[in-house]
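Take a look at this single chain in structure tokens; it is the form predicted alone.
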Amino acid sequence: MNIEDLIIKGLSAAIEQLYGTSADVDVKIEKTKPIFEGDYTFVVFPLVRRSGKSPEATAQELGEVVLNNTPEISKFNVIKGFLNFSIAPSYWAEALLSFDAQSNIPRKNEKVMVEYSSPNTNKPLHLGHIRNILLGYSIAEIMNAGGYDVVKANLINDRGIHICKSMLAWQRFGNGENPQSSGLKGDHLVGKYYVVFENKLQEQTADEVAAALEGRWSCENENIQKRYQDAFEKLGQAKEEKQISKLKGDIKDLVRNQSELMQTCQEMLRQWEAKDSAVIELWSSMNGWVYEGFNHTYKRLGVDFDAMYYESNTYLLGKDIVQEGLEKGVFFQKADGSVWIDLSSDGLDEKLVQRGDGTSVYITQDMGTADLKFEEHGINRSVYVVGNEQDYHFKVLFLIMSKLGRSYAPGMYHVSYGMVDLPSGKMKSREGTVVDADDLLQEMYDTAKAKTEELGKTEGLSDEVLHELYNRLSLAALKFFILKVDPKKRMLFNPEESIDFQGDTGPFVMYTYARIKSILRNAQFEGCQIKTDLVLHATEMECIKVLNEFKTVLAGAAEEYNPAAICQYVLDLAKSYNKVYNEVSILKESNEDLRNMRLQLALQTSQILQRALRLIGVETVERM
């Protein structure tokens, strides 16, 4: 039993002894704030009504009972309604002796699917995808270490009008080039033609868009013409900049969608859905280029998947569910044949689940895929790692599956993360201004190499060892910088800052690990029994305390889907050990028992650092 559990057990027993049952009291402790004496704090205010005494008197009598019955506690103090406990120094030596860095959290009888990456096959992976991939992979690793049976899944968006844009542009302007003839990765080549399509479309429609924004555009399609006139009339009345911008965008899209290029693209999509052999062949070939490119990037990032889903296989799923929903009265049908759900009683609005012509929308597919995941893997929980622009979509999806009575619905969860910006600003795929993942990985590698050479840390290392060092350092910098930020927050990624050896960075933690491994090599130490009656330095006790918090932090990170908690933990542990390193002698310690204890502390710290870093996808190095 760890020290937190011992204190909680002692508090529960004391509350029952003094005030009767403790069943209705939420007995929680927290770390004592640095400005106060003590290690752990219990807030007594909720007990005041029961004790009939002041907060100070309640804390005092509670502390005395806990102190008398819990030998691990050496003393306590009271600050108003805060009861602060100090742990006996002897406990920390015993804790280090019994600490097992390799022990695991017991397995839970719960299977979880974590879906992440989910790219489109019309462009290469970019910085936004990297945050998604790193979050999803780390959450999966953390949950697996936290006792869950985890399935890592990837849903590839490999069909739709955006895919056809790249296909049509390549068909018209590609002159038969392929990854081999162009020297480009397949995903880069296909992404190039997505940008080409947008550029050609802009050229083809520039004059018409300008005319439409001045009220001088007409269309033979009466429905489109009416929509244009309505939008233009609203534009003339709009006052707010946001509304004006949206209406201009709507008008632009109306004009562009009537162009020859877009009409041909939409026809290509219809041919794809009709299984036209020539279109399917082109689609298969270009997607094959993209998958090869994606796999190269995934491998370089050090991530993998257990299950792959493709929208081309799943987009028709859900139609039976729509019929089921109609029969159950969960959905309703409008006069045009379209099927909807009314979520106004849930604070939302009406949501389309199937078009009037019987074709699927995204949520139709997602309903079917949710069932498919459960049928194939028997999951209890389904975690979707998707950017916060899809918050509404997932609220609707989860409500629908709940109203349909799906047993797994309570376990559906959206890890909603903020976008990633660079100092230069936002990224846009259509204009080709995204930060390409491969380019970023190479930039990180080059920066890691330059920084390491600048610090003079390459002497005596072979080219092969140096290459691995630069690669691991660059990935540690990238992953740590992205994952240390709370997923919910929008973040600014600065490559130069991320690779600082002195900041709160991956390279700083890796350097701490390599320093410890150097100490252990010089001492030729692989572990030993230690005495528990030693007088420990304050920094040593603090470091052992942090070591003992690992499983608690891991369990919390798994429950909250929060890799940032692991990042903060490894920073705390690395900083705590560096204090030990700076304030006590290790290799030159003349007292053999103290020396062995300090080496054992170094060994356990290195093992936990390595284990925790792997949870965020970071591989350590033995020398730096």
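Throughout, rigid core stands for the largest set of C-alpha atoms superposing within 1.5 Å between the two forms. Note that the coordinates shown come from a computational prediction; the quantities given were computed from them, not determined experimentally. Numbering starts at 1 and runs along the sequence shown.
A second form of this protein, the form predicted in complex with the RNA, is not displayed here; the remarks below concern that form.
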{"query": "Any non-hydrogen atom of T41 within 4.5 angstroms of the RNA in the predicted bound form", "finding": "yes"}
{"query": "Contact label in the predicted bound form: N582 to the RNA, heavy atom within 4.5 Å", "finding": "yes"}
{"query": "Interface membership of I142, the RNA in the predicted bound form, 4.5 Å heavy atom rule", "finding": "no"}
{"query": "Proximity of Q502 to the RNA in the predicted bound form, heavy atoms at 4.5 Å", "finding": "yes"}
{"query": "Contact assignment for the RNA in the predicted bound form, among I244, A278, L492, A307, heavy atom within 4.5 Å", "finding": "L492"}
{"query": "Proximity to the RNA in the predicted bound form, single hit among E389, E260, D342, E203 (heavy atom within 4.5 Å)", "finding": "E389"}
{"query": "The RNA in the predicted bound form: contacting segment from 76 to 84, 526 to 534, 316 to 324, 101 to 109, heavy atom within 4.5 Å", "finding": "76 to 84"}
{"query": "Contact set, 440 to 460 vs the RNA in the predicted bound form - heavy atom within 4.5 angstroms", "finding": "K451, T452, L455, K457"}
{"query": "CA of N287, rigid core aligned, shift of 2 Å or more between the shown form and the other one", "finding": "no"}
{"query": "Rigid core fit then P55 CA moved by 2 Å or more between the shown form and the other one", "finding": "yes"}
{"query": "Threshold 2 Å Cα movement between the shown form and the other one for E443, core superposed", "finding": "no"}
